Ligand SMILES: Cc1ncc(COP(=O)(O)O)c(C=O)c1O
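Encoded as structure tokens, the following chain is the form predicted alone, with no partner shown.
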Amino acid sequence: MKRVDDEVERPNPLIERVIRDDVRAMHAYAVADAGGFVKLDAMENPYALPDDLRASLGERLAALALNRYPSPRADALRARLRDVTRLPAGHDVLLGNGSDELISLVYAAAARDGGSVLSMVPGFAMFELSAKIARLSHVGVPLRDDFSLDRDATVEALRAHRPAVAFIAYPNNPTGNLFDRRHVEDVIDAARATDTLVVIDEAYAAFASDSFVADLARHGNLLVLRTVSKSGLAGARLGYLCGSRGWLAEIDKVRPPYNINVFTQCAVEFALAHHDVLDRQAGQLRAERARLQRSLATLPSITAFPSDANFVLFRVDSARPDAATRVFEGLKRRRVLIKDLSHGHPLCANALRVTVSTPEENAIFLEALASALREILPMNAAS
């Protein structure tokens, strides 16, 4: 008997009339099914909270009043974040359901009809995707071949397009590097002359050697975006925007009410009260990052790039354009999941990105990578 699921869905003309043409042409953000894999594709912290803290957190979560709405401004959590982040006096944080929501809120509040926004490419995909959803033009400024910030091209793009907002990821995703601080400061100064708000995305601050949080007081057109996801709380989905109260008050006007649920408020506030644990885990991952980079450097046909994040970008050196994808598929057959970036920006040709994990999972990845490379090395030699 033919099942309903087997039938081909008929075109719905109402969808074509109601849904925007550009939205129908988009692809939904894809998240790979990681069941049964060593999951190294999403820059997650592999370490859980210690058992005693998990038990204590469980008691707090069980006591929450689920029949009531959450605190609308999460004052206690915001106070904890201000303290942990060491914000300059007169500055505050605005909370979002992950950094993604805050990117959308910045666009909604700051960008006028027909306006544009700017970011570096290759870069975080949501900078451009959120701009498309908001019907804003996106100006992508290519990085240099060594993944450094092209200061002159960025300043010229600011002058030519006068975007409402410029996003700079620091460190950059997917390349992992910190841009030259002097170049970033030059861009902030140039943006002030074009009436452009600069948002520096410090999603990987826990693993980086520099930050612009202390510079907020010096630049009236600067905000810093952060998240707790990379520090071990990805499931909580909390991002926070740091800046002067004047900027945040305006962006807060387009924030949905009660956007941070009670579980997130409770869990993150509790975890930040024990931020020394998260700091130790970040230190372990920084040490593992260095070991992983050294190991990658010993493998044939692999070039690993410097990283200030909890991931490493590496290139499969081959004349064949599908070499990285072949390695990626080889890793998947060995139940290891990383990110194939080779079909995106030209600077990422034959590039793959792996999350830094525990010593055990890093060893599994390296063994699987060596095996996958042996499969294509004859091909490389022949090319």
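In case it trips you up, residue 1 is the first one in the sequence shown, and so on. Predicted, not measured: the structure shown is a model, and the values here were computed from it.
Note that the form predicted in complex with the named molecule isn't included here; everything after this is about it.
Heavy atoms within 4.5 Å of the named molecule in the predicted bound form belong, among the stretches 149-157, 261-269, 183-191, 92-100, to residues of 92-100. Although the named molecule is omitted here, in the predicted bound form all of F124, K230 and R237 have a heavy atom within 4.5 Å of it. Interface membership of N173, defined by any non-hydrogen atom within 4.5 Å of the named molecule in the predicted bound form, is confirmed. When contacts are judged by a 4.5 Å heavy atom cut-off, L40 does not count as touching the named molecule in the predicted bound form. A169 belongs to the set of residues with a heavy atom inside 4.5 Å of the named molecule in the predicted bound form. Taking non-hydrogen atoms only, A203 approaches the named molecule to within 4.5 angstroms in the predicted bound form.
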